[in-house]
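Shown next as structure tokens: one chain only, the form predicted on its own.
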Amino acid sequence: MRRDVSEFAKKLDIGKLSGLLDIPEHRITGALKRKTVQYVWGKKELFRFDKPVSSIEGGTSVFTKPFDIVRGFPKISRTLMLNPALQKHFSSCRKVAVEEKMNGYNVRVALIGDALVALTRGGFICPYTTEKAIDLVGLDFFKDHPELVLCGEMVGPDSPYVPKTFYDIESLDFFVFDIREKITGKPMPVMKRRALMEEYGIPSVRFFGEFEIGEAHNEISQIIRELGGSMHEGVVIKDPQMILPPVKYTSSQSNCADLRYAFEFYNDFGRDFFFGRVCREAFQSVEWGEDEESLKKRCRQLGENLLLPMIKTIKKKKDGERIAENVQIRVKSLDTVKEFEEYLKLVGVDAVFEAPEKIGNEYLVRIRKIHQSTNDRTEAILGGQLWS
């Protein structure tokens, strides 16, 4: 559970943290007072950076016993106009490496002491993801490389965050897209990382190849069209040496799928979420030089994915239903279910857990995640409240 930081600040060696992260002590103490750095209690106590502080990424986790640091995963910028962005951003590179951006949730797996932990983007330890990481990743890699962090995507239908069925995954799998040093956050070059993962038998995201800068635009555009046809999300474009930060580019189908999901729970998402995805559609249409028929198809697809899910939600509420998202997890231990329920409360998710169903040596647990803001707003508007 999260507690008052001032009560537990003495657990944090601020001088040591300042030296390792190369930020002044007063920035850390100030962040503690503002609760930008928050104390989180659990099986392993940690402080998490809720937001960036100086050069330290949000989601950075600082463990107290044993003392250790796992840097947050840096935000990846997005290109809306592919060709000019490639020429400008990667101007010092002869080639770019292109890998798939899978549609799951971002996880960092690290060894803290003698235990494996799986950290979410926000810097929390997710007990469900940790159980999965222990099975899917194991300890062999970390026995040889305890100073490294595996950054990857958890993907599959048994995801409590982003359940997807189109990857032909039975439950949940982990795909590495980056390896970074724990304390510095320094990334490993693309091909070195892929070779290392192959050596340890840990899956990596799909690799499409390295392309000359002058040809990359055409190659990536074709890849995006093919990915969109199978509802896959997009690509991440990287400097092969990982000196320059990567950029991402997504398919129209993925943008619309995001909007379809978000408009079903329209009052639980910020307007930036909606606006950014609409902008992606407009810029991609212009860059691809779409004819009138293709443009109309894009507009129709966009409009349907905005309106239909919202109308469905309003009708549900009008009929007296509670607006909720159905997800599921598959675990080996019922203790993990209890811990995950507590974890969702910690991060502010209202969820109803159904009774576990025994399947082989695992338990399948269905969960209804309640989107309270959308419930309340829709009910109020149906009852006559004005929109302001």
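Quick note: we count residues from 1 along the sequence shown, nothing fancier. Nothing here was measured: the structure is a model prediction, and the numbers come from that model.
Missing here is the form predicted together with adenosine-5'-triphosphate; even so, the following discussion is about that form.
A.B. asks: Can you work out which of I76, M191, A115, A85 has a heavy atom no more than 4.5 Å from adenosine-5'-triphosphate in the predicted bound form?
C.D. replies: Looking at the other structure, the residue within range turns out to be I76.
A.B. asks: Considering adenosine-5'-triphosphate in the predicted bound form, which of C256, I224, V205, V137 comes within 4.5 Å of it through any heavy atom?
C.D. replies: Going through each option in turn, the one that passes is V205.
A.B. asks: Examine Y128 and determine whether its closest non-hydrogen atom to adenosine-5'-triphosphate in the predicted bound form is within 4.5 angstroms.
C.D. replies: Looking in the predicted bound form, residue contacts with adenosine-5'-triphosphate do not include Y128, since no heavy atom lies within 4.5 Å.
A.B. asks: Does any part of S251 reach within 4.5 Å of adenosine-5'-triphosphate in the predicted bound form? Heavy atoms only, please.
C.D. replies: Residue-level check for S251: no, no contact with adenosine-5'-triphosphate.
A.B. asks: So, M310 and adenosine-5'-triphosphate: in the predicted bound form, are they within 4.5 Å at any heavy atom pair?
C.D. replies: M310: no contact with adenosine-5'-triphosphate in the predicted bound form.
A.B. asks: Would you check, heavy atoms only and a 4.5 Å threshold, whether K101 touches adenosine-5'-triphosphate in the predicted bound form?
C.D. replies: Result yes; K101 sits at the interface with adenosine-5'-triphosphate in the predicted bound form.
A.B. asks: Let me test this: is every residue among N106, F177 and K238 within 4.5 Å of adenosine-5'-triphosphate in the predicted bound form, going by heavy atom positions?
C.D. replies: The answer is yes: all three residues contact the partner (heavy atom, 4.5 Å cut-off).
A.B. asks: Among 261-269, 76-84, 214-222, 283-291, which stretch has residues whose heavy atoms lie within 4.5 Å of adenosine-5'-triphosphate in the predicted bound form?
C.D. replies: Only one stretch passes the 4.5 Å heavy-atom test: 76-84.
A.B. asks: Need the contact residues for 36-65: heavy atom within 4.5 Å of adenosine-5'-triphosphate in the predicted bound form, sequence order, or none if there are none.
C.D. replies: Residues within 4.5 Å: none.
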